[in-house]
Ligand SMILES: C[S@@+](CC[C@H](N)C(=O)[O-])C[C@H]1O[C@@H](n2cnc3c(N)ncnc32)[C@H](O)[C@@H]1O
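Only one chain is included here, represented as structure tokens and corresponding to the form predicted alone.
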């Protein structure tokens, strides 16, 4: 096991000081990913890409960002070209997407670029430093937290790419038809001595974490908040209808709802664009998906054990787009459209880019490489199968009636 010993100690300390010596999985996941000194996004994720643990659409070239820029341009035009028009990127990672968008707009749409204010909301200090270095030539960029953005102040678009899947999730299990929560606790490894050592001072317990004497384990208990049951009312899923097997487990992303509430509050007029992998609730909580969607990424290997490689691997869960849609409605966000990344990018002109790559006079190896990267963006079994949700707020009836290019075909059917 390649875990970060200081991070393990932080988690162990939190557990030892918590009631019943356990914490929710959401609290565990939050520490593992976002601890400012030892968390994954503070120490490991700056090496994202084909040489890291995983890669995203951004790592396949500038086309993804450039096509997004075209969609943002149309949003600006629909809103009658307001000045300023704010793009708020939430979770900008290494800053590549921002760089691609800004360079493209500066070169191809200077009037829009002149009206632009680009704000990055970034929780990771390591990522923020990297972004500031990469974007130092663009004076339109600023950094802040969502809390620092005044209520009802943004005209433009909040957007994210693979952010919501990394928000901490609660894990639950069905026992005798009842909703129960999965917690994280500490257990003593039996191979490290007699049980009387388990009653030693708390300091000794924590010091032993890095040596593997204790390990993290799951324990089942009553739900930590009534919001878990309320969540299923929101998305229209009945876990007690007799269709779900004993031991069925999955996740609930309450943090995504909290995040969307803040975004909706900050938006005065414009859009919220969410791109991520996930499903509608009916597919997410299908009784046959009885182990949930939680997965870990380590050196481009995917597995489902979040209790190894602690602080060294990414932990994610698929996004429930129905929850974002329904919760958004309660906060004044109207659904504009929901589609797949494949359809979204093709409607924005990716097909023409593929044709241009094939027809170009570059070397065969470069043409094949570019074509392969573009095809990966729309592969329905990979990035092309990602969900793309667009919501709006404060638009007039005339503005709302104008179709967005990326959403100008009927919604896909998820089986």
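Residue numbers count along the first chain shown, from 1. Only a predicted model underlies this, so the values are computations on that prediction, with no experimental measurement involved.
Although not depicted, the form predicted in complex with the named molecule is the subject of the following passage.
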{"item": "4.5 angstroms heavy atom contact with the named molecule in the model of the complex for residue 166", "value": "yes"}
{"item": "Non-hydrogen atom contact residue 227 with the named molecule in the model of the complex at 4.5 angstroms", "value": "no"}
{"item": "Distance check, residue 43 to the named molecule in the model of the complex, heavy atom within 4.5 Å", "value": "no"}
{"item": "Residue contact check: residue 56 to the named molecule in the model of the complex, 4.5 Å heavy atom", "value": "yes"}
{"item": "Residue among 92, 267, 252, 345 with a heavy atom within 4.5 Å of the named molecule in the model of the complex", "value": "92"}
{"item": "The unique member of 216, 172, 279, 127 whose heavy atoms fall within 4.5 Å of the named molecule in the model of the complex", "value": "127"}
{"item": "Options 78-86, 157-165, 326-334, 284-292; stretch whose heavy atom lies within 4.5 Å of the named molecule in the model of the complex", "value": "157-165"}
{"item": "Heavy atom contacts to the named molecule in the model of the complex at 4.5 Å, residues of 290-312 in sequence order", "value": "none"}
